[in-house]
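Here's a solo chain for you in structure tokens, the form predicted on its own.
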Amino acid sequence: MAAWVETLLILLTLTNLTLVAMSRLGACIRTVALQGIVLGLLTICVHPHTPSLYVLLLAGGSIGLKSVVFPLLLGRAMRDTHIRHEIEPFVGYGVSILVAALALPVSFWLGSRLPLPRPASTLIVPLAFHAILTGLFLIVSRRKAITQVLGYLVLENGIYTFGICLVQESTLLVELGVLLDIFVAVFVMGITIFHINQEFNHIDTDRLSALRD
């Protein structure tokens, strides 16, 4: 199982690097949906001795929300706002790729400094940190609200990876509760994006700072 865990973690990291290099929102949404499938499979691989019902519910909840529900909500928001590309982000795509690449050694350094229990793979903690850092970077470096929501999802995916791989005693209700919280957050964000576009005819969050009483 360790080889499968490492393969899935590497795939998760590759999707992170892909996200910072893409401007098409539709492709970004599909990439985050792929991350949901990866996390569902990762849940099964890191809990081989856990009762199957527990694993299937958690993996199914992850895949269902992250790969189906969230992409549908964000795809609808994209169609309603008629926005297809992330144009002129705060940080250019070439620099974004460089930042994401440099975040890898930083993540490995952070992982080596934490006194954590021995995980199923030595890549778990560093690559979970990399997903968290990538999500934060997407949130602060992109103009479109949809891309920022995707960054929030990538950030949560990193936290989810960290949790399922290291917290062996967490209950199903706690983990499913986290997924429910994320669902509510993305649902509210989708409604907010729609109303921002209806009111201002754009979803560039930086332009909202120009609002006055």
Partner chain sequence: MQAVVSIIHWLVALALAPLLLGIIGRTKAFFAGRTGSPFLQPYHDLRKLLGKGAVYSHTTTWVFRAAPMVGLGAVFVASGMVPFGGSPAVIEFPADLILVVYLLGLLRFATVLGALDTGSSFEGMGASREVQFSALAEPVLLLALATLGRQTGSYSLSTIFVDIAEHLSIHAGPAMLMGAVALLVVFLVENARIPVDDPNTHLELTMIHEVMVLDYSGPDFAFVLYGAALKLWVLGALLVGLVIPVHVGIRLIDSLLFVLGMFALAFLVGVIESCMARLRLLRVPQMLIAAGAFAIFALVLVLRQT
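Positions refer to the first chain, counted from 1. Just so we're clear, the structure is a prediction, and the values are computed from it rather than from any experiment.
Below: the form predicted in complex with its partner chain, not depicted.
- Proximity of Leu127 to its partner chain in the predicted complex falls within the 4.5 Å heavy atom cutoff.
- Heavy atoms of Leu102 reach within 4.5 Å of its partner chain in the predicted complex, making it an interface residue.
- Interface residue remark: Leu72 is not counted as part of the site for its partner chain in the predicted complex, having no heavy atom within 4.5 Å.
- Contact check for Leu123: a non-hydrogen atom falls within 4.5 Å of its partner chain in the predicted complex.
- Every member of the trio Ile10, Ser23 and Ile97 reaches its partner chain in the predicted complex with some non-hydrogen atom inside 4.5 Å.
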